[in-house]
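Given as structure tokens, the chain that follows is alone and in the form predicted alone.
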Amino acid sequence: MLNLIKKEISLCLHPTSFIFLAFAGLAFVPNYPYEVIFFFSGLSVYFCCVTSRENGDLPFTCALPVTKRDVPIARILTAAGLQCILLLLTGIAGALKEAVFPPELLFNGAGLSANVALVGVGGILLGVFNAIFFPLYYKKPEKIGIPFVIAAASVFVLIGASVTLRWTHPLFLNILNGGNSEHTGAKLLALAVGLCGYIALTALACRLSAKRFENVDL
């Protein structure tokens, strides 16, 4: 598995995989829907899969002395590594913002503030993308556009729900918004729930993708 992951990093990663990590810096933009940061991680996955298809990577990989079910798992784990880096960078950016900006500028008028609760929400968004995109993609690897559109649309529906709750639900409006120093326990709980959801959804993506890819005739 480790060698497959090294192969994914060496041959399949698109430059946007690293460029989009810098988008964690959008946390410093005032009144911006920070949840959108996590959509770009899904977009980089799409670019990687397009690159893989155009280069004939899947038939090449299956010709190697590896089990077929490990092929999708290696790519998902590679994507998950980059997603975890994005979550970490977003959390760091939020902490730096809280250390530098005055408290009144920490509240976000367009969604959740850049805090650990946002990282938890980001985990759910990324997990949902993984659970939808990868199983659909590995069912028919030559068809990339439709799985991405379905997964991206689902993510944006959740982003819209998060922004709506920011203005309509007291939990998002008064507790999960603002800096980490306020209502810290609730924000940490949101972080834990989001990360657990991410792990569960990504594990589901690995299981379904491996099962479906075994039935693909390359």
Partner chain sequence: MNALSVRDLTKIYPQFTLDKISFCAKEGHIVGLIGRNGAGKSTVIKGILRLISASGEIKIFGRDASRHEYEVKQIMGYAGGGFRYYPFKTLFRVRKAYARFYPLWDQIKYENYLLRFGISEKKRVRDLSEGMKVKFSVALALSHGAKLLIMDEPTSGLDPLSREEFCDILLNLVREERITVLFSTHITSDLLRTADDIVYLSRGKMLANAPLRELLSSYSLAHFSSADQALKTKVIGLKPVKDGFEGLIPRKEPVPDDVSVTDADIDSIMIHLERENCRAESD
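All of these numbers come straight from a predicted model, not from anything done at the bench. Residue numbers count along the first chain shown, from 1.
What follows is about the form predicted in complex with the partner chain, which we do not show.
> How about S44: is it within 4.5 Å of the partner chain in the model of the complex, going by heavy atoms?
Replying inline: Taking the distances in the model of the complex, the answer for S44 is no, it never comes within 4.5 Å of the partner chain.
> Is there a heavy atom of C196 no more than 4.5 Å from a heavy atom of the partner chain in the model of the complex?
Replying inline: Output for C196 is no: heavy atoms all beyond 4.5 Å of the partner chain.
>> So, T61 and the partner chain: in the model of the complex, are they within 4.5 Å at any heavy atom pair?
In response: Yes, T61 sits close enough to the partner chain in the model of the complex that at least one of its heavy atoms falls within 4.5 Å.
> Looking in the model of the complex, any heavy atom of V66 within 4.5 Å of the partner chain?
Replying inline: V66 belongs to the contact set for the partner chain.
> For the spot marked by L4, G56 and N215, is every residue within 4.5 Å of the partner chain in the model of the complex through some heavy atom?
Replying inline: Judged in the model of the complex, L4, G56 and N215 all sit within 4.5 Å of the partner chain.
> Heavy atoms within 4.5 Å of the partner chain in the model of the complex: which of the stretches 66 to 74, 184 to 192, 28 to 36, 150 to 158 has them?
Replying inline: Answer to the contact question: 66 to 74.
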